[in-house]
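First, one chain by itself: the form predicted alone, in C-alpha coordinates.
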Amino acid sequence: MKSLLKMTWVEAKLFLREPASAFFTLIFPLLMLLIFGAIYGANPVPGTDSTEAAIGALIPAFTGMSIGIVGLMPVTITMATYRENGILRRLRTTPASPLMIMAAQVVVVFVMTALGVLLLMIAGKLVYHVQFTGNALSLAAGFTFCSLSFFGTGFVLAGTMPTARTAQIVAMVLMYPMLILSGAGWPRELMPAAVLKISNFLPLTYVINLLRGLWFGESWGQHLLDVGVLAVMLIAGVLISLKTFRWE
(Lines give C-alpha, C1' and ligand atoms only; values in the text may rest on other atoms or scores of the structure.)
Protein backbone atom coordinates (compact mmCIF):
# COMPACT_ATOMS: atom_id res chain seq x y z
CA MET A 1 0.00 0.00 0.00
CA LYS A 2 2.85 2.38 0.87
CA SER A 3 4.46 1.79 -2.54
CA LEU A 4 1.14 2.42 -4.28
CA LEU A 5 0.68 5.71 -2.44
CA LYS A 6 4.20 6.86 -3.37
CA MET A 7 3.70 5.95 -7.00
CA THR A 8 0.31 7.64 -7.07
CA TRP A 9 1.76 10.83 -5.61
CA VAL A 10 4.53 10.89 -8.23
CA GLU A 11 2.03 10.27 -11.04
CA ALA A 12 -0.18 13.09 -9.76
CA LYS A 13 2.71 15.57 -9.90
CA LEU A 14 3.67 14.39 -13.38
CA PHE A 15 0.05 14.71 -14.53
CA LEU A 16 -0.23 18.33 -13.35
CA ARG A 17 3.09 19.20 -15.00
CA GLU A 18 1.64 18.19 -18.37
CA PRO A 19 -0.42 21.21 -19.53
CA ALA A 20 -2.49 19.32 -22.10
CA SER A 21 -3.67 16.65 -19.67
CA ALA A 22 -4.53 19.18 -16.97
CA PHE A 23 -6.35 21.42 -19.46
CA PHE A 24 -8.54 18.73 -21.00
CA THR A 25 -9.35 17.25 -17.59
CA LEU A 26 -9.98 20.35 -15.49
CA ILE A 27 -10.70 23.25 -17.84
CA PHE A 28 -12.02 21.95 -21.16
CA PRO A 29 -15.39 20.62 -19.86
CA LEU A 30 -15.97 23.94 -18.07
CA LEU A 31 -15.27 25.93 -21.24
CA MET A 32 -17.61 23.67 -23.20
CA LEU A 33 -20.39 24.29 -20.69
CA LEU A 34 -19.99 28.05 -20.95
CA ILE A 35 -19.86 28.01 -24.75
CA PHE A 36 -22.72 25.59 -25.36
CA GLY A 37 -24.66 27.04 -22.47
CA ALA A 38 -24.72 30.35 -24.34
CA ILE A 39 -25.83 28.56 -27.51
CA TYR A 40 -28.55 26.36 -25.99
CA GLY A 41 -29.53 28.60 -23.11
CA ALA A 42 -32.46 30.25 -24.85
CA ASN A 43 -33.49 27.08 -26.71
CA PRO A 44 -34.33 24.20 -24.35
CA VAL A 45 -33.33 20.77 -25.55
CA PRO A 46 -36.22 18.52 -26.65
CA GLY A 47 -37.45 16.60 -23.63
CA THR A 48 -36.73 19.46 -21.22
CA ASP A 49 -39.13 22.18 -20.12
CA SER A 50 -36.86 25.04 -19.11
CA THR A 51 -33.55 26.72 -19.83
CA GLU A 52 -32.16 25.38 -16.55
CA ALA A 53 -33.10 21.82 -17.54
CA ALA A 54 -31.52 22.32 -20.95
CA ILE A 55 -28.24 23.44 -19.39
CA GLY A 56 -28.55 20.63 -16.87
CA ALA A 57 -28.64 18.14 -19.73
CA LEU A 58 -25.25 19.43 -20.87
CA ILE A 59 -23.52 18.63 -17.58
CA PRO A 60 -23.79 14.81 -17.79
CA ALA A 61 -22.98 15.04 -21.50
CA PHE A 62 -19.76 16.95 -20.84
CA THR A 63 -19.01 14.65 -17.92
CA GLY A 64 -19.14 11.77 -20.38
CA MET A 65 -16.97 13.75 -22.77
CA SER A 66 -14.37 14.22 -20.04
CA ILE A 67 -14.42 10.49 -19.23
CA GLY A 68 -13.93 9.61 -22.89
CA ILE A 69 -11.07 12.05 -23.42
CA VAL A 70 -9.19 11.06 -20.26
CA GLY A 71 -9.76 7.34 -20.78
CA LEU A 72 -8.50 7.33 -24.33
CA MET A 73 -5.80 10.00 -24.26
CA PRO A 74 -3.76 10.53 -21.04
CA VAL A 75 -4.05 6.91 -19.90
CA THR A 76 -3.14 5.48 -23.30
CA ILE A 77 -0.37 7.92 -24.16
CA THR A 78 1.24 7.88 -20.71
CA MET A 79 1.51 4.10 -20.50
CA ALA A 80 2.69 3.74 -24.10
CA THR A 81 5.31 6.47 -23.56
CA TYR A 82 6.54 4.83 -20.36
CA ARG A 83 7.09 1.57 -22.20
CA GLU A 84 8.73 3.19 -25.23
CA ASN A 85 11.10 5.29 -23.10
CA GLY A 86 12.14 2.34 -20.96
CA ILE A 87 10.47 3.60 -17.78
CA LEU A 88 8.45 0.41 -17.39
CA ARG A 89 11.58 -1.65 -17.92
CA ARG A 90 13.23 0.15 -15.02
CA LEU A 91 10.11 -0.22 -12.87
CA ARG A 92 10.30 -3.94 -13.52
CA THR A 93 13.39 -4.09 -11.30
CA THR A 94 11.35 -2.70 -8.37
CA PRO A 95 8.58 -4.38 -6.36
CA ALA A 96 6.02 -2.58 -8.54
CA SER A 97 3.62 -4.97 -10.29
CA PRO A 98 1.62 -4.27 -13.47
CA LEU A 99 -1.51 -4.00 -11.36
CA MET A 100 0.12 -1.43 -9.07
CA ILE A 101 1.32 0.67 -12.00
CA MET A 102 -2.11 0.69 -13.61
CA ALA A 103 -3.83 1.33 -10.28
CA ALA A 104 -1.69 4.44 -9.70
CA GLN A 105 -2.66 5.74 -13.14
CA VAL A 106 -6.34 5.03 -12.50
CA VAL A 107 -6.36 6.81 -9.14
CA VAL A 108 -4.71 9.94 -10.54
CA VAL A 109 -6.82 10.31 -13.68
CA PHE A 110 -10.00 9.43 -11.79
CA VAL A 111 -9.42 12.07 -9.11
CA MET A 112 -8.50 14.72 -11.69
CA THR A 113 -11.54 13.89 -13.79
CA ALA A 114 -13.75 14.07 -10.70
CA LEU A 115 -12.33 17.51 -9.88
CA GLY A 116 -13.08 18.68 -13.41
CA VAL A 117 -16.66 17.41 -13.14
CA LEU A 118 -17.05 19.12 -9.77
CA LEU A 119 -15.99 22.43 -11.34
CA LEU A 120 -18.51 21.75 -14.10
CA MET A 121 -21.34 21.27 -11.61
CA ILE A 122 -20.39 24.33 -9.58
CA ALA A 123 -20.38 26.48 -12.72
CA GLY A 124 -23.76 25.07 -13.75
CA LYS A 125 -25.20 25.99 -10.36
CA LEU A 126 -23.65 29.45 -10.07
CA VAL A 127 -23.91 30.62 -13.67
CA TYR A 128 -27.05 28.87 -14.94
CA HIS A 129 -28.86 28.01 -11.67
CA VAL A 130 -29.07 24.35 -12.65
CA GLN A 131 -31.09 22.12 -10.32
CA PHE A 132 -29.86 18.58 -9.74
CA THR A 133 -32.87 16.25 -9.44
CA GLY A 134 -31.13 12.88 -9.11
CA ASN A 135 -29.51 10.99 -6.26
CA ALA A 136 -25.96 12.14 -5.50
CA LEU A 137 -24.69 8.71 -4.46
CA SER A 138 -26.23 7.06 -7.50
CA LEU A 139 -24.66 9.64 -9.80
CA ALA A 140 -21.27 9.23 -8.10
CA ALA A 141 -21.51 5.46 -8.54
CA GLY A 142 -22.43 5.93 -12.20
CA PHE A 143 -19.49 8.29 -12.74
CA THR A 144 -17.09 5.80 -11.14
CA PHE A 145 -18.50 2.89 -13.14
CA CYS A 146 -18.30 4.75 -16.46
CA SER A 147 -14.79 6.02 -15.75
CA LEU A 148 -13.41 2.58 -14.95
CA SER A 149 -15.01 1.17 -18.10
CA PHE A 150 -13.16 3.65 -20.30
CA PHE A 151 -9.87 3.49 -18.42
CA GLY A 152 -9.70 -0.21 -19.21
CA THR A 153 -9.95 0.57 -22.91
CA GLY A 154 -7.08 3.03 -22.59
CA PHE A 155 -4.84 0.38 -21.01
CA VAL A 156 -5.71 -2.08 -23.77
CA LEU A 157 -4.63 0.43 -26.43
CA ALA A 158 -1.43 1.20 -24.52
CA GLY A 159 -0.57 -2.48 -24.33
CA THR A 160 -1.35 -3.39 -27.93
CA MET A 161 -0.01 -0.39 -29.88
CA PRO A 162 3.67 -0.68 -30.90
CA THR A 163 4.63 2.95 -30.15
CA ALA A 164 3.31 5.93 -28.21
CA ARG A 165 2.74 7.83 -31.47
CA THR A 166 0.64 5.01 -32.85
CA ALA A 167 -1.32 4.79 -29.60
CA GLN A 168 -2.05 8.52 -29.76
CA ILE A 169 -3.27 8.36 -33.35
CA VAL A 170 -5.52 5.36 -32.71
CA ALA A 171 -6.92 7.00 -29.57
CA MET A 172 -7.76 10.17 -31.50
CA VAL A 173 -9.37 8.20 -34.33
CA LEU A 174 -11.59 6.46 -31.79
CA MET A 175 -12.29 9.55 -29.71
CA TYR A 176 -13.38 12.20 -32.22
CA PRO A 177 -16.30 10.29 -33.79
CA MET A 178 -17.57 9.53 -30.30
CA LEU A 179 -17.38 13.17 -29.25
CA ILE A 180 -19.40 14.19 -32.29
CA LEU A 181 -21.95 11.38 -32.53
CA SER A 182 -22.51 10.13 -28.98
CA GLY A 183 -24.47 13.11 -27.66
CA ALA A 184 -21.48 14.70 -25.97
CA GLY A 185 -21.57 17.82 -28.15
CA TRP A 186 -25.29 18.12 -28.71
CA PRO A 187 -28.30 16.01 -27.71
CA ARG A 188 -29.01 12.84 -29.66
CA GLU A 189 -32.65 14.00 -29.90
CA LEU A 190 -31.49 16.53 -32.47
CA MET A 191 -29.69 13.97 -34.63
CA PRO A 192 -31.19 12.33 -37.74
CA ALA A 193 -32.20 8.69 -37.60
CA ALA A 194 -29.19 7.49 -39.62
CA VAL A 195 -26.76 9.14 -37.21
CA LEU A 196 -28.60 7.68 -34.23
CA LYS A 197 -28.05 4.18 -35.61
CA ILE A 198 -24.33 4.84 -35.88
CA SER A 199 -24.19 6.26 -32.35
CA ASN A 200 -25.58 3.01 -30.99
CA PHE A 201 -22.22 1.39 -31.80
CA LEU A 202 -20.20 3.98 -29.85
CA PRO A 203 -19.34 3.18 -26.20
CA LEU A 204 -19.49 6.83 -25.15
CA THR A 205 -23.17 6.90 -26.11
CA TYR A 206 -23.94 4.50 -23.27
CA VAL A 207 -21.89 6.54 -20.81
CA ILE A 208 -23.85 9.68 -21.60
CA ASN A 209 -27.21 7.89 -21.62
CA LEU A 210 -26.54 6.47 -18.15
CA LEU A 211 -25.16 9.68 -16.64
CA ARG A 212 -27.93 11.80 -18.11
CA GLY A 213 -30.59 9.46 -16.77
CA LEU A 214 -29.05 9.42 -13.29
CA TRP A 215 -28.72 13.21 -13.37
CA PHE A 216 -32.47 13.58 -13.91
CA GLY A 217 -33.37 11.04 -11.24
CA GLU A 218 -33.90 7.89 -13.30
CA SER A 219 -33.06 4.52 -11.80
CA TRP A 220 -30.34 2.11 -12.88
CA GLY A 221 -33.06 -0.32 -13.86
CA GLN A 222 -34.13 2.06 -16.63
CA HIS A 223 -30.65 1.81 -18.16
CA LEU A 224 -29.95 -1.91 -18.18
CA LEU A 225 -28.61 -1.81 -21.73
CA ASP A 226 -26.19 1.01 -20.88
CA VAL A 227 -25.04 -0.79 -17.74
CA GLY A 228 -24.63 -4.07 -19.60
CA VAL A 229 -22.50 -2.57 -22.37
CA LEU A 230 -20.29 -0.72 -19.93
CA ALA A 231 -19.95 -3.76 -17.67
CA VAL A 232 -18.69 -5.81 -20.63
CA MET A 233 -16.23 -3.02 -21.45
CA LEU A 234 -15.01 -2.94 -17.86
CA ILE A 235 -14.52 -6.69 -17.51
CA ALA A 236 -12.95 -7.08 -20.94
CA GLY A 237 -10.74 -4.04 -20.39
CA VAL A 238 -9.36 -5.35 -17.10
CA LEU A 239 -8.73 -8.88 -18.39
CA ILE A 240 -7.24 -7.85 -21.72
CA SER A 241 -5.09 -5.06 -20.28
CA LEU A 242 -3.54 -7.46 -17.76
CA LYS A 243 -2.80 -9.91 -20.59
CA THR A 244 -1.41 -7.27 -22.97
CA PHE A 245 0.68 -5.34 -20.43
CA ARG A 246 4.27 -5.20 -21.65
CA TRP A 247 7.31 -3.99 -19.74
CA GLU A 248 9.18 -3.21 -22.95
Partner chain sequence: MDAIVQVQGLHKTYGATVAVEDISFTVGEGEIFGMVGPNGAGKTTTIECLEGLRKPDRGMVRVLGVDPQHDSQTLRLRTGMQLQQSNLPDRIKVWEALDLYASFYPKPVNWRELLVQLGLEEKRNTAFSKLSGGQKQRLFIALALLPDPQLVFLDELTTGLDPQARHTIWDLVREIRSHGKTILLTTHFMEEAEKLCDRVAILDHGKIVALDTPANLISSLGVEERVTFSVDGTLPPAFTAALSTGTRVEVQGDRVTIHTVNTRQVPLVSEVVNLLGSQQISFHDLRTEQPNLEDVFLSLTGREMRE
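Here the structure is a predicted model, which is why all the values come from computation and not from measurement. Residue numbers count along the first chain shown, from 1.
FYI, the form predicted together with the partner chain isn't displayed, but the following is about it.
In summary, among the residues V170, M100, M112, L139, the only one with a non-hydrogen atom within 4.5 Å of the partner chain in the predicted complex is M100. This chain is displayed alone, yet in the predicted complex one of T94, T144, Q131, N135 has a heavy atom within 4.5 Å of the partner chain; that residue is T94. At the 4.5 Å threshold, heavy atoms of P162 stay clear of the partner chain in the predicted complex, well away from it. At the 4.5 Å threshold, heavy atoms of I87 reach the partner chain in the predicted complex. Not displayed here, the partner chain is approached by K6 to within 4.5 Å at the level of heavy atoms in the predicted complex. In the predicted complex, at least one heavy atom of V10 sits within 4.5 Å of the partner chain.
Annotated contacts: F155, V229 and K243 are all free of the partner chain in the predicted complex [non-hydrogen atom within 4.5 angstroms]. Just one listed stretch, out of 147-155, 78-86, 162-170, 123-131, contacts the partner chain in the predicted complex at the 4.5 Å heavy atom level, and that stretch is 78-86.
Taking the partner chain as it sits in the predicted complex, the stretch 16-30 comes within 4.5 angstroms of it through a non-hydrogen atom at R17, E18, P19.
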